[in-house]
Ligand SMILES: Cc1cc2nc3c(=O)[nH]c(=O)nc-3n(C[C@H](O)[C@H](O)[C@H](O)COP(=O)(O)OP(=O)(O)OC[C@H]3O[C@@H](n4cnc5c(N)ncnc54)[C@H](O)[C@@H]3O)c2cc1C
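Only one chain is shown below, in structure tokens, and it's the form predicted alone.
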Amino acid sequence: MTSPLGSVPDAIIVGGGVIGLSAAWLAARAGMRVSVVDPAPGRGAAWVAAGMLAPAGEAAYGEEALTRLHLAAAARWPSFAADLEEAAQDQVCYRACGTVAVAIDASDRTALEDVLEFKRSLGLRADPLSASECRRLVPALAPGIRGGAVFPDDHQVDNRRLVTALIEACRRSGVEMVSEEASALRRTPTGGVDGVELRDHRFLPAGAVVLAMGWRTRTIGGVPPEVLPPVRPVKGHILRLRGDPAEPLLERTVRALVHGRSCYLVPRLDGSLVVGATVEERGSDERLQAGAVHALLDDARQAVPGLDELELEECATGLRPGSPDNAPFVGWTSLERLAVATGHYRNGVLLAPVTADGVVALLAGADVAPVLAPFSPDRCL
């Protein structure tokens, strides 16, 4: 069966997560005809994320190029959020609230001081704080914390309102939403791809195909495994607690080092609080595990004891698309007219605008921005 579309779109984006939806919306704004193929758009890893936009908090040793990409993405976020809210006629609750990092014991403080020195060497704003200074900024912190730091450029967005707004912006911009699962790509005699085959046996032709399927990218049929970059599922447990919006427990995000482990607490304007997240190499296992939930709550309570008074509203798991170097893959593959935008690991929400800009550039026949260039799909093949 052939495509139900009136004419061949410029691009089909396979995957309706935050990356695929952002790319589809910006491509449509640029005048392209775009389709998104996903049976449940917006309900992947981004739905159970915390929405942190944390270029400083996520900076790690050996990831200097990735940190530069994070900074570029963070700088893009204010205009991206404003344009999206106008397009969707809805709020995404982008908040430039900063993050306070705290250390629970002396060894945590030593580890945090070492990390701070590294972050500042990269030009990131990361200012050390005494324990009393931390509690002045965040009165709900435990009295026994040993010090911390503030990352003023680490912000947040409501991830669920974000994906909801992206779906609406896509709809208003004329993006065709195909609520079906893609099973395979169809190859051309010359070695490229010319469209997508669906589980219901329809075929959708396209000028180009972009795979934005997260950890499932390598599961698509019709493509030799060596063509697609190595992504894998990395499990994460995350919790949502309900508080009183009139008297919020926290006003800004808190990251806590707790006896060598890390957790974060992200407050929402509606009074809810997101607590996350574990990092588990368990394949595609999405089961909730009591031990992981207990560990998250226990670590978060050591930083913010007032959590005990909140309602535990939701426990969930998500599967992040991990890569060998924790960095994304964005660009054309060795197959003509096939691109990928995947492997964003813990920072899909942060990197969505800059990745979407890169996808639009590719579809327009241009190069991606220099800051995105080191993250081509063939670097780990």
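All figures in this text were calculated on a predicted structure; none of them were measured in a lab. Don't overthink the numbering: it's just position in the shown sequence, from 1.
A second form of this protein, the form predicted together with the ligand, is not displayed here; the remarks below concern that form.
The partner is absent here, but in the predicted complex a heavy atom of Ala182, alone among Val210, Ala206, Ala149, Ala182, sits within 4.5 Å of the ligand. Contact annotation: of the candidates Ser323, Asn347, Thr333, Thr67, the single residue with a non-hydrogen atom within 4.5 angstroms of the ligand in the predicted complex is Asn347. Stretch-level contact check against the ligand in the predicted complex with heavy atoms at 4.5 Å: of 107-115, 173-181, 282-290, 243-251, the positive one is 173-181.
Although the partner is absent here, Gly214 is a contact residue: one of its heavy atoms lies within 4.5 angstroms of the ligand in the predicted complex. Among residues of the shown chain, Gly195 is not one whose heavy atoms approach the ligand to within 4.5 Å in the predicted complex.
Taking the partner from elsewhere, Pro328 is found to have every heavy atom lying beyond 4.5 Å of the ligand in the predicted complex. Using a 4.5 angstroms limit between non-hydrogen atoms, Gly57 is distant from the ligand in the predicted complex. Annotation for 49-68: interface residues with the ligand in the predicted complex are Ala49, Ala50, Gly51, Met52 [heavy atom within 4.5 Å].
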